[in-house]
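In structure tokens, one chain follows: the form predicted on its own.
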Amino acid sequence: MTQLTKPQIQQSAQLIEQSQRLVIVTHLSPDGDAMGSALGMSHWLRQMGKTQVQVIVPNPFPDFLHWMPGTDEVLDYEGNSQQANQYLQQADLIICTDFNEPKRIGCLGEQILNLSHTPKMMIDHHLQPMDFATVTISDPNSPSASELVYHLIMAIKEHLHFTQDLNMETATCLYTGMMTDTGNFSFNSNHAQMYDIIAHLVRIGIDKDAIYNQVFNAYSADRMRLMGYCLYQKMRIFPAYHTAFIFLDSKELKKFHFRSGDAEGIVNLPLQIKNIYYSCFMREDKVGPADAALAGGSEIKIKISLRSQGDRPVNLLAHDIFNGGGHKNAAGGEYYGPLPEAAQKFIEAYPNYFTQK
């Protein structure tokens, strides 16, 4: 159960009260929790009277999240670095959501570290947070960054005696982040506190069924065919370790007219198989301007997703082998180099991290 300390609440409230120009940033390849936590915070700040709030993402976010309120005002650093840098230079406060260290936001991280005199607030739920922020709100036991944002908002509201409830935009974004980062509440979701939050958001008026449909029932026919191809042609099973592994190269993705977001959820599919408790999914991608500094000259990036069931962590493998992270049952990372190399690294490493039980 998340418990914020009194100093965290007081300092966060003070930073927000004193700031007029606020920038919110989130991690590379933003997912539902990244967008939910960043947009949820931005809508609440405007509700609090802050008129100059800008969300910046390092690179584009998936198409299936474009319905979320406020996405039309999000600035993509990869395509608008000059304008984004202006916002950063003028900011009184930079709020970082859903990442634990600046390298998780690519070249945008270097820009933020260079702004050493600008206060920063970090709200995150990943392991081993780096000490770079003025205020750090970190809880690896929290299922999502969006839930942490909710707790912080409610604590600041009480501290400032702000009685107005969350608006619909804030509630919708926070719920979306909570829902997507738990696989529609299928993992890391056995916490009573989470359902108290959901009840509150429903009372505000969110349509949770409509949100589900927007996220999970808005894919293309090509994406459905891609899923079938993954399961029939590409899935490898390692029964001794209850593990499934799927990987796709760029030619395969092109065959199915792949677009941003089409890979979402594929990693979860093998977990529906009896006695499969671990799943890894890799896909080939191009290195973009936002993460070129991390690539070491490689033009190829391998996106890696890991999922598990029960008391079986995958975040340690993600952290140690693929320079990534996450929480116990859902983690990810990147590998800059050829797909066969990344696949071989996983095959060599997983027996050291996954249990045979």
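Start at 1 with the first residue shown and count on from there. Just so we're clear, the structure is a prediction, and the values are computed from it rather than from any experiment.
What comes next is about the form predicted together with guanosine-5'-monophosphate (5GP), which does not appear here.
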property	result
4.5 Å heavy atom contact, residue 31 and guanosine-5'-monophosphate (5GP) in the model of the complex	yes
Residue 303: touches guanosine-5'-monophosphate (5GP) in the model of the complex, heavy atom cutoff 4.5 angstroms	yes
Residue 307 within 4.5 Å of guanosine-5'-monophosphate (5GP) in the model of the complex, heavy atoms	yes
Partner contact for residue 45 in the model of the complex: guanosine-5'-monophosphate (5GP), 4.5 angstroms, heavy atom	no
Option touching guanosine-5'-monophosphate (5GP), based on a heavy atom within 4.5 Å in the model of the complex, out of 331, 290, 55, 65	331
Option from 345-353, 5-13, 18-26, 332-340 whose residues, in the model of the complex, bring a heavy atom within 4.5 Å of guanosine-5'-monophosphate (5GP)	332-340
Residues from 97-121 in contact with guanosine-5'-monophosphate (5GP) (non-hydrogen atom within 4.5 Å) in the model of the complex	101, 104
